[in-house]
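Here you get one chain, nothing else, as structure tokens; it is the form predicted on its own.
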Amino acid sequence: MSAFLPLFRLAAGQIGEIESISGEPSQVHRLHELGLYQGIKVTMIRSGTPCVIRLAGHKLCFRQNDGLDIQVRPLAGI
């Protein structure tokens, strides 16, 4: 059993650490520009798809995307 799970599966209020981001290089590059990269901690505001996360003082919204895989290590929750 893996300790990682897809980003959109974190529960609302849960904190996770980005473990990996894989997919189309241009999409991965854009996420890096937005501050989403391996090792950064994020807080799930709204889980599911689309999900809303908080990172570095701002919010990002993601839809589940077959070409993009963001894996997180769950750390804590509310």
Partner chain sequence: MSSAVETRAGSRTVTIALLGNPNTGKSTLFNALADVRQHVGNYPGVTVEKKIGHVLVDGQRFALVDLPGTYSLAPRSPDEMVTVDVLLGRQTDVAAPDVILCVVDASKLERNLYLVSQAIELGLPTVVVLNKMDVASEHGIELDLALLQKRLGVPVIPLQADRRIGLESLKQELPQVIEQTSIASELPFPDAFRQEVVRLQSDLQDASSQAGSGATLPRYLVERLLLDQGGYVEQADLPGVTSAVLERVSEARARLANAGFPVPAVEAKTRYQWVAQMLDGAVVSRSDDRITLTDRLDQWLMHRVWGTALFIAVMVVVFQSIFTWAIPLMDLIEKVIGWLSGSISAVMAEGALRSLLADGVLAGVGSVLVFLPQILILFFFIALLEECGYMARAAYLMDRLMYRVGLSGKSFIPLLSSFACAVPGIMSTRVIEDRRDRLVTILVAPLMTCSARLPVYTLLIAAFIPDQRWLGGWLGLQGMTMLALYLLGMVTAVLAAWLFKRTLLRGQTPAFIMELPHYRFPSLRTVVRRMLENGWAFLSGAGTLILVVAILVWAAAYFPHPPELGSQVRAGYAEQLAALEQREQGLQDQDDLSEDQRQAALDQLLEERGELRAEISSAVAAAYMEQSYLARAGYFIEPVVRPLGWDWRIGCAVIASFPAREVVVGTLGVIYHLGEGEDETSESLRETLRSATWPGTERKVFNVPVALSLMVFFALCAQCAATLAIIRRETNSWAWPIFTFVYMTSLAYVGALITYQTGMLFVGG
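This is a predicted model, so every value here is computed, not measured. Residue numbers count along the first chain shown, from 1.
Below, we refer to the form predicted in complex with its partner chain, which is not included among the displayed structures.
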Quiz prompt | Contact label in the predicted bound form: S20 to its partner chain, heavy atom within 4.5 Å | solution = no
Quiz item: With the cut-off set at 4.5 Å between non-hydrogen atoms, does A56 touch its partner chain in the predicted bound form?
Solution: yes
Self-check item: Close approach of A12 to its partner chain in the predicted bound form, 4.5 Å, heavy atom
Solution: no
Quiz item: If we check its partner chain in the predicted bound form, which of the residues in 12-38 reach within 4.5 angstroms of it by a non-hydrogen atom?
Solution: E24, P25, S26, Q27, H29, R30, L31, H32, E33, L34, G35, Y37
